[in-house]
Each structure stands twice: as C-alpha cells, then as structure tokens.
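Only one chain is shown below, in structure tokens, and it's the form predicted alone.
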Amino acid sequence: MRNVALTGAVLAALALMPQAASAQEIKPGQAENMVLLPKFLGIAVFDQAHKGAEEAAAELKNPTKLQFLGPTPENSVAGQIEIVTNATTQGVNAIMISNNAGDQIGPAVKAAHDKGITVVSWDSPIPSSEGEDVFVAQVDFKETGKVMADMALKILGDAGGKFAVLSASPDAANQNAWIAAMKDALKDAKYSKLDLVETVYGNDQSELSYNQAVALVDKHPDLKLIMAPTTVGIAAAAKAMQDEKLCDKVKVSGLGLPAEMVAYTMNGCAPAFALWSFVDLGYLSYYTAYALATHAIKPEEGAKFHAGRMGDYTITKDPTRAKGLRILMGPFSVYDKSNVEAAAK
C-alpha cells in the first residue's frame, strides 16, 4: 500500500508541475494594416523578403493589402524615421522594419509603439530595442562573424594575409554586430595570420561600393581579400576586381545572393560566400507581426507560435543586445563552385 501511496503522490506532484506550452496556432482572416519597411528600396534581397511576406499574407488571409514602403538609399535614415512617424497617423497596426538608422529610429518607433502599433524588426534590429516588440534574426549574429572568419581563413590559407571589410552603412546594426563578432572570432590563434587592416562603407550603393573596393586595393597594395557582409557590396567588389583584372590577386567574400554571385564564383573572383533565405525571413517576419498584432501571442520570453510552412518558433531573450527579445530563424548556407549554380536557378 505504501508504494501505491507514493505513486499517487508522485502523480499528483507531476500534475501540478508546469507543462511545456504548445505553439499557438494563429487565426487567419483578421484585418491588420501592416507595413514592411526595408532599409531602402531597389535591393534584390529586400524584394525577396517582400515576396515572402506576401506569401504569408495570402496564407493568413489578411484582407488588408500589405504595404511595402521604403526610402531611397541616399535618404535611408531620415526616410525610415519619416515612414515610421507617418504610420502613427495612418491607421497602421504593425510595422516590420529592417533598421538602417541605429538608435536614431528609437524615438519614432517608441511613439508608434505607444500608439498601439506592433513593431517587429527583422534583418537589422534596433540596438537599444526601444519601442520594439521582437527582433526576427536571420541567423545568430555571433555565428555570422565566425562564418566570415572561417571563409577568410579558407580562402587565404595557412599563409594568411591582409584583408579589409567593405560594409554597408555605419549605422546598420546588423553589419556592425557581424563585424564585431568577426573581430572576436579573429582573436582565436587559428586566425592569427589573418590581418584585418581597414573597414570602409559603401552605404549599400553599387557605385560607391565599387569605388571603395578599388580604393582599398590602391591604399593596400598587398591586400589579398575584401570581405563584404552586404549583398550590394560583395557584388560591387567582385565586379571591381574583375574589371581591374585583379581576381588572381585579391579575392572577394562575404554575404551575397547566388543569382548575383554565380559568375564571380565560377571565375574565381569570389571563391566562397554565404547567405540565408530572405524569402523565409520576410515570411517569418510577417507571421510574427500578425501573431502579435492580433494578440495571438504576447511579446514575451517563452511565447510560442506556429509559422505556417516554417514550423514552430519561440521568443527568447536576445543574447546579442543588452535588452530586447529575439526569434532566431537560420540556417546559413555557404556557396562555392560546387553548389552556387544550382542555388542561382
């Protein structure tokens, strides 16, 4: 009888223990006025994110058309702030922003959030997280830095050598975090022969990025690699090295689109590069914003929801920022001659 009593007590205790929350299914068909705000318009990866968001909108049967709004590259910071500010008076329920304004966007985002607007950042977060409900991270930012360090090591080999970074905007939180993570990775002894000599910015403009790549080679005659964690920058740098007939001397790597990089990879200018699916990123960002705007989930650690074809996701603390929440998408894909042609189709 004692064993039976103990078993009953154990069962009673188990019944009182908190059970793991199941992923929340999201109710489709609710009308939410949603804005997808990229860093600026005219960039292929942001068009892909728009495609993914439209796919999610169709699945969720939102009767309100998704707005795809963005500034020009030359006016990105002020333009993003203006779009967020205007949203507070235009009946917008949710804003999905790839932040290119650092913490300068904070006051506008906070004002929107205070008006009851859901704010989801994607691709590039708000560093302070002020006014932001959650950040949809494409990959772990520390992993991005290590992937770039590993690609540099693979390309330069045991001999190592000098390399430079061609980034996007000085205010782009994602770019800055990736570069910082790469610098941390480079402290490991196995990267000791890699010498990062300079970081320059092309503001995600093709012509400026091209000119910056040429200037790097002129300034550093013994440069062996340009690492560009930006799809615009990597393509521009590869074209610059090809035009200057320097592909045998200076290699290019970073984050790029297979369709834009296939020729440069096959001819040896860019032996390896990496990226994730921006279609999936747009899709997941829309599902997240819709779930929050419709109150299917709350913006809090541990909240779980089902994001259509991509499966279940959980909101966690963002380990890369002092404050803020994160949803981690992943994974990375690294491209080289063995797989870039198939990925480019």
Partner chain sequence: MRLLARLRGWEGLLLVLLVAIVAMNVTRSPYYLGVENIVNLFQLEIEKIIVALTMTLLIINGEIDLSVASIMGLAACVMAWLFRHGAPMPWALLGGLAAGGAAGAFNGFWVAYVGLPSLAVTLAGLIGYRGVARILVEDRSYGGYPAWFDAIGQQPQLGPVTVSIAVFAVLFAIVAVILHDSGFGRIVYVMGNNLQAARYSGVRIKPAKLSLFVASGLNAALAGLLYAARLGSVRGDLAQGFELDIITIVLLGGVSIFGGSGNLVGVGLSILVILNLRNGMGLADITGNTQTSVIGALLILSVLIPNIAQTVRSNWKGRET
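Positions refer to the first chain, counted from 1. Remember, predicted model here, so these are calculated numbers, not experimental data.
In what follows, reference is made to the form predicted in complex with its partner chain, a form of this protein that is not presented.
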Which listed residue (Asn86, Ser128, Gln242, Asn211) meets the criterion of a heavy atom within 4.5 Å of its partner chain in the model of the complex?
Asn86
Residue among Gly157, Pro221, Pro170, Gly116 with a heavy atom within 4.5 Å of its partner chain in the model of the complex:
Pro170
Using a 4.5 angstroms cut-off on non-hydrogen atoms, would Asp195 count as touching its partner chain in the model of the complex?
no
Using 4.5 Å between non-hydrogen atoms, is Gly52 touching its partner chain in the model of the complex?
no
Is the gap between Ser206 and its partner chain in the model of the complex 4.5 Å or less for some heavy atom pair?
no
Tyr201, heavy atom within 4.5 angstroms of its partner chain in the model of the complex
yes
Counting only heavy atoms and a 4.5 Å cutoff, which of 99-107, 224-232, 159-167, 179-187 contacts its partner chain in the model of the complex?
99-107
